[in-house]
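Quick heads-up: it's one chain on its own, the form predicted alone, in structure tokens.
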């Protein structure tokens, strides 16, 4: 597994150079300020109820349920998801820290019928966890899925810059 993760991070020099400028820039307010673990948002059952989880999943085109926050992930898999999104220049997404809410942690697992965290949702659809997002990054599917959401991957710009040289 570790070899696969290491392989996933090997990107071309042009892409690395293009991304270097992003390193100090925060993600979005929602993603960068402690992860917006809002619980259920009030009404309609607890934070782990199906209705509450459904609202969270559909609140934004890109939603991540993770351990910690994008600014401070508390597990390697959550960190990998944050880094993959960062590589693609996805800065505007909602992140929910499941460690802050045990009901949400179990509720999202029940909702997706997927036993592990992190979990990534694109346009309300469950994509998968770290391994699946890494695979999508490696085979180019993530670029295509982001395009469907109107998000242009930063890796496309890095490729274009490389071709010009």
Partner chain sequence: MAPPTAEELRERLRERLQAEHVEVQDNPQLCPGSFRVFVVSGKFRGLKTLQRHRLVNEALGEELGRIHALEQKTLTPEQWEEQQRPSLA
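Bear in mind the structure is a predicted one, so any value in this text is a computation, not a measurement. Residue numbers count along the first chain shown, from 1.
A second form of this protein, the form predicted together with the partner chain, is not displayed here; the remarks below concern that form.
Taken together, the three residues 113, 127 and 131 all lie with some non-hydrogen atom within 4.5 angstroms of the partner chain in the predicted bound form. Proximity of residue 123 to the partner chain in the predicted bound form falls outside the 4.5 Å heavy atom cutoff. Remark: residue 60 does not count among the residues lining the partner chain in the predicted bound form, judged by a heavy atom distance of 4.5 Å or less. With a 4.5 Å cutoff on heavy atoms, residue 77 counts as touching the partner chain in the predicted bound form.
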